[in-house]
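The form predicted alone is given below as one chain in structure tokens.
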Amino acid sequence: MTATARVKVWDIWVRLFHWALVALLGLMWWTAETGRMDLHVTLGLAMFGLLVFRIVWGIVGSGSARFSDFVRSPVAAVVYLAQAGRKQRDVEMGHNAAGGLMVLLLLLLLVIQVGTGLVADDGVFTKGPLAGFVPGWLSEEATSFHGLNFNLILGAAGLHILAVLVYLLVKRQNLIGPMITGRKTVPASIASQAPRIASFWRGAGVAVVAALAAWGLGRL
């Protein structure tokens, strides 16, 4: 039997971002479907704040949260996926090559979603906070694409969930537990490679900046 060790790989801020994102996506879908557009816009501003936080945290945050740690080439992702069917011990301290690209894709789609929502104008009830700063035709195009892009987000989220299930059932690797507890079990021989975890107060400072940015945008 190979000796194992329990190490911390995800800080509290990455975990809070992840689950807040899940909750916000569900609530934003519900508010759009039920016509609660004032609440939908408020949730969109909260999503803007979350994205500001995650982008900044991807630069100054914990080792496993930084883009420089998990953004790799598409070739590396293909090589990794070629081994996806094998049952093997989990030796990744953060996102693997394919998972890192999925994170980038989801962030890009979410940035597009928030961006189009900010300038959208349905011509009847709801205007985004920045709709008055762009031409009418651009608001119309943004409104149309806003709905289409959400379907792309749902597709990417579905792929993410499918990948998590494949890891759990085929590779026998639980990716959900670490995103709840922050810790995972790895071979003891690589425990020293555990990522550096940034201080709680650094994350709190970035969260305050992101919240102020969302609040200021809402004031427009």
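One rule holds for the numbers: they count along the sequence shown, beginning at 1. Here the structure is a predicted model, which is why all the values come from computation and not from measurement.
Not on display, but discussed next: the form predicted in complex with a small molecule.
Contact of residue 54 with the small molecule in the model of the complex (heavy atom, 4.5 Å):
Contact with the small molecule, yes.
Just to confirm, residue 153 within 4.5 Å of the small molecule in the model of the complex by heavy atoms?
Residue-level check for residue 153: yes, a contact with the small molecule.
is_contact(residue 19, the small molecule) in the model of the complex, heavy atom dist at most 4.5 Å
Close contact exists here: in the model of the complex, residue 19 approaches the small molecule to within 4.5 Å, heavy atoms only.
Is residue 107 close to the small molecule in the model of the complex, meaning a heavy atom pair under 4.5 Å apart or at it?
Yes, contact at 4.5 Å.
In the model of the complex, does every one of 27, 39 and 41 come within 4.5 Å of the small molecule, counting any heavy atom?
Looking in the model of the complex, the three residues 27, 39 and 41 all stay beyond 4.5 Å of the small molecule (heavy atoms).
Give me the residue from 146, 72, 95, 127 that has a heavy atom within 4.5 Å of the small molecule in the model of the complex.
For this set of options, the contacting one is 95.
Identify, from the list 170, 164, 190, 59, the residue with a heavy atom within 4.5 Å of the small molecule in the model of the complex.
Exactly one residue meets the criterion: 164.
Partner-proximal stretch of 72-80, 99-107, 113-121, 128-136 relative to the small molecule in the model of the complex, 4.5 angstroms, heavy atom:
Residues of 99-107 come within 4.5 Å of the partner.
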